[in-house]
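Take a look at this single chain, the form predicted alone, given in structure tokens.
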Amino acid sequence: MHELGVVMEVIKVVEQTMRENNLTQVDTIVLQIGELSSMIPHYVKDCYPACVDGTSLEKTKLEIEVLSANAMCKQCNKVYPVVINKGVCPHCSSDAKELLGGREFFIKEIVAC
């Protein structure tokens, strides 16, 4: 489960941001995770409490926004959601595509108290 190591790095980044901005408490951390990223949102959510245990972020809430994986069809130039269409354009049935998004993993927001 590589999610554990990634969440620990997120905690380090948030703690560094707190120091740089003279924050003593954070209420919520908002992550954005793409549907096709290597991170599994419920694993991230499950390992979060262990990562913040004993830190200044122990009482912090974690919110996760899942970003849709979208692609542009190289045949008909229409944009479509990749996952629900299993990688095939619903407009022309082509599987030739350019991925526009869905592999992201971002700290979207750090909400201070």
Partner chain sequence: MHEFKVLEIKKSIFASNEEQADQLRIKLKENHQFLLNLMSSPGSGKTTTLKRTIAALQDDFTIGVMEADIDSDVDAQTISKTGAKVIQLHTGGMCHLDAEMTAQGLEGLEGDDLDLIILENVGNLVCPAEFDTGSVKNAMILSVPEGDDKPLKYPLMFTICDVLLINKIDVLPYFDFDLALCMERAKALNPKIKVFPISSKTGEGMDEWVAWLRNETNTWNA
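Residue numbers count along the first chain shown, from 1. Nothing here was measured: the structure is a model prediction, and the numbers come from that model.
Keep in mind that the form predicted together with the partner chain is not shown, yet the notes after this line are about it.
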property: 4.5 Å heavy atom contact, residue 99 to the partner chain in the predicted complex; result: no
property: The partner chain contact in the predicted complex: residue 64, any heavy atom under 4.5 Å; result: no
property: Residue 39, heavy atom within 4.5 angstroms of the partner chain in the predicted complex; result: yes
property: 4.5 Å heavy atom contact, residue 58 and the partner chain in the predicted complex; result: no
property: Partner-proximal stretch of 49-57, 81-89, 22-30, 68-76 relative to the partner chain in the predicted complex, 4.5 angstroms, heavy atom; result: 22-30
